[in-house]
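For reference, the chain that follows is the form predicted alone, supplied as structure tokens.
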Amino acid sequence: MSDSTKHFLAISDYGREQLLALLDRARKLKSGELGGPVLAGKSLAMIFRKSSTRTRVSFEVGMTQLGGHAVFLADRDSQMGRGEPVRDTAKVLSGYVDGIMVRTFDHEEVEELARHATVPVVNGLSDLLHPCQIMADLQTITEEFGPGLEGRTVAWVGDGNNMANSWLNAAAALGFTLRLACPEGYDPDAAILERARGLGDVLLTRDPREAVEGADVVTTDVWASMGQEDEAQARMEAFRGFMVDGALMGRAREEAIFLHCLPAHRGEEVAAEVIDGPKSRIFPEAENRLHVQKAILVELMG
């Protein structure tokens, strides 16, 4: 692994073969083909500036299953939450632990941690990117359709948020078709979108029906993410017509599956008939956070 991929900050930092190798390792860890205390005696600091269920439990349990230990640090538990410079926290933690996972708002905090840490840093989520979740989604897709992602079509319906940005990075690296349906004014990051268009088969549309037509995977997220609560009403108006309901899902392939990173708001971005229906794979998808993150931790810290 090159110096530029010492960390796991963005899917775009990794090449196709590296990403496929991580997915293969995740599959083997899940099946029990690989395992054991490969991170025995090692510790992971987990910095949470945003609260979480799946991210905390999957990383903490993952480290335990690998024989290591995880240390939870919320803002109230750390000096970083009281204004200590990120670079100081990075240097201090590097003297104690073997890796750092961070879940935060500003992506610049993730990058600054990585610049100053002498141990691997994993992006557990930022407002710009959510790469671990997309890796879990990709694992779920390969479990459903087989290991090859080429020729598959993923439809994203909703906000051009950190999930949409990471889907763009994944499509650029792995060669599947990506169609995003976002309301006017809620597009993905312009630079990430431009890069993905130059490397892959990417469409941005205002029409969810166009995005979903013939897709293998239909996926969405909440319309107002953590930290956007004051925008909730305006977003409800802007996203009218972007709910993934049975009629929209019916435009996808008969074998299509539905994904959602959770938590979900039934009756807003997705209808209960879809998320609780036979095409939904949200709970295997959530479980796969554990397996794919273990694969990442072994890669970086093993």
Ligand code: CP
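When you see a residue number, it is the position in the sequence shown, counting from 1. All values derive from a computational prediction rather than experimental measurement.
This next part talks about the form predicted in complex with this ligand, which is not shown.
- Among 234, 262, 38, 61, the residue placing a heavy atom within 4.5 Å of this ligand in the model of the complex is 262.
- In summary, among the residues 107, 152, 103, 179, the only one with a non-hydrogen atom within 4.5 Å of this ligand in the model of the complex is 103.
- Using a 4.5 angstroms heavy atom cutoff to this ligand in the model of the complex, all of 130, 133 and 289 count as contacting.
- In the model of the complex, this ligand lies within 4.5 Å of some heavy atom of residue 54.
- Residues with any non-hydrogen atom within 4.5 angstroms of this ligand in the model of the complex fall in just one of 240-248, 254-262, 28-36, 273-281: 254-262.
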